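Heads up, the chain below is alone and in the form predicted on its own; it's given as C-alpha cells.
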C-alpha cells in the first residue's frame, strides 16, 4: 500500500495559530483590533469636537449677543428665543467712528507686514547662508528680544514716539509692530531659505549673479509659500494687537481692539456694539484662515523640516 505524503500534509489540520494567521491574512485585522481602532477614533473625534466648541464658544456668544434685541441681549438667565436683528451693527457704523478704527487697523497691519518682509527676506537669506558664531548669536538675540515681556519693549517706544512727535499715529504703531514681529519673521523665513540647496546659489553666481541678484532672481521666486506664510502670520499679529496699540495710540490712530476694550463696562447699547465690533474683527481672520489654509500648512511643514 502506497501513501501520498503530499496529500496527507495538505489534508492535515493546521492548528489554531495557523488558522488565526490565515484569517488575519485574508480578512485584514481581527475583529477585536478593528473594534478597538473604531473606539479610539470615535473618542478622538468627540474630544476634538468638544475642544473646538470650547475654543469658539466666546465668539459664538458675542455673535449671539450682537444678534439679539438690546433688552434681551444680556438678560440673566440668557434668552434664546428672540427675533434676530442687525441694529447693533447699524448703530456701530452710524454712531461711532468704527470705520476709522478699522481703516487704522488695516493700515497698520499692511504697512508692518510689507516692511517686515522687505527687511526680513535679506536678513533671513544671509543668516541661512552664512554660518558661524555671528549667525548663531544674532538668531539667539532675535529670539530673546521676541521673548521679552511686551511692556519692556512698548514703554520705551512710547517715550520715543512722544519725544519725536509721532505719538498717536499709524506710523509709530506700525514701526513698533515691525520691531516686535521682526524676529519671528526672520526665524520663519530663514527656515525656508535653509531648505533651498546652496548649489542653486553657486550655479547662479558662476553665471555672473551677485548675492543680491541670487536673492531677487532665484530665491524669492522659490520662496512663494514661505513669503505668503510669514506675511499672513505677521498681518494677523498686527491686525489683532491690543497692548501695543493701547499704549501708542489715543484718538487719531486708535484700532479696533482698543475700541472694543473701551466699550467694556459701558451701558448695554455700547456693550452690544462691542460684540458687533468683535464679530467684524474676527470674520476677516476666519476668512484669511480658510482661504490660505493650504499655503499655511504647506509653508509650515516645509519650514519645520530644517533650520
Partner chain sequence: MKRREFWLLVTPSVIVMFGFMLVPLYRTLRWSFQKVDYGSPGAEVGLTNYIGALTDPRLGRAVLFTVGLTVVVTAFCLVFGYILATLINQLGRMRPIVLGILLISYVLPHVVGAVAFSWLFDSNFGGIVNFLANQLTGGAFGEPLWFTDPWPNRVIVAANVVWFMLPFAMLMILAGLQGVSAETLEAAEIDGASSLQRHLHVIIPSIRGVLGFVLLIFTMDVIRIFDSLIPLSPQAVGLGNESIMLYIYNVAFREGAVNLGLGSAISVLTIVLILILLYPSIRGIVKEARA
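Just so it is clear, the structure is predicted and the values come from calculations on it, not from any experiment. In this text, the rigid core denotes the largest set of C-alpha atoms whose superposition between the two forms falls within 1.5 Å. Residue numbers count along the first chain shown, from 1.
One more form of this protein, predicted in complex with its partner chain, exists but is not displayed; see below.
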query: Touches its partner chain in the predicted bound form: residue 125 (any heavy atom, 4.5 Å); finding: yes
query: Touches its partner chain in the predicted bound form: residue 99 (any heavy atom, 4.5 Å); finding: no
query: In the predicted bound form, residue 114 touching its partner chain (heavy atom, 4.5 Å); finding: no
query: Its partner chain contact in the predicted bound form: residue 90, any heavy atom under 4.5 Å; finding: no
query: 203, 153, 218, 106 - the one with a heavy atom within 4.5 Å of its partner chain in the predicted bound form; finding: 153
query: Answer range among 222-230, 204-212, 90-98, 106-114 for contact with its partner chain, defined in the predicted bound form as heavy atoms within 4.5 Å; finding: 204-212
query: Interface residues of 141-176 toward its partner chain, as seen in the predicted bound form [heavy atoms, 4.5 Å]; finding: 141, 143, 144, 145, 146, 147, 148, 149, 150, 151, 152, 153, 155, 156, 157, 158, 159, 160, 175
query: Residue 251 C-alpha shift between the shown form and the other one of 2 Å or more, rigid core reference; finding: no
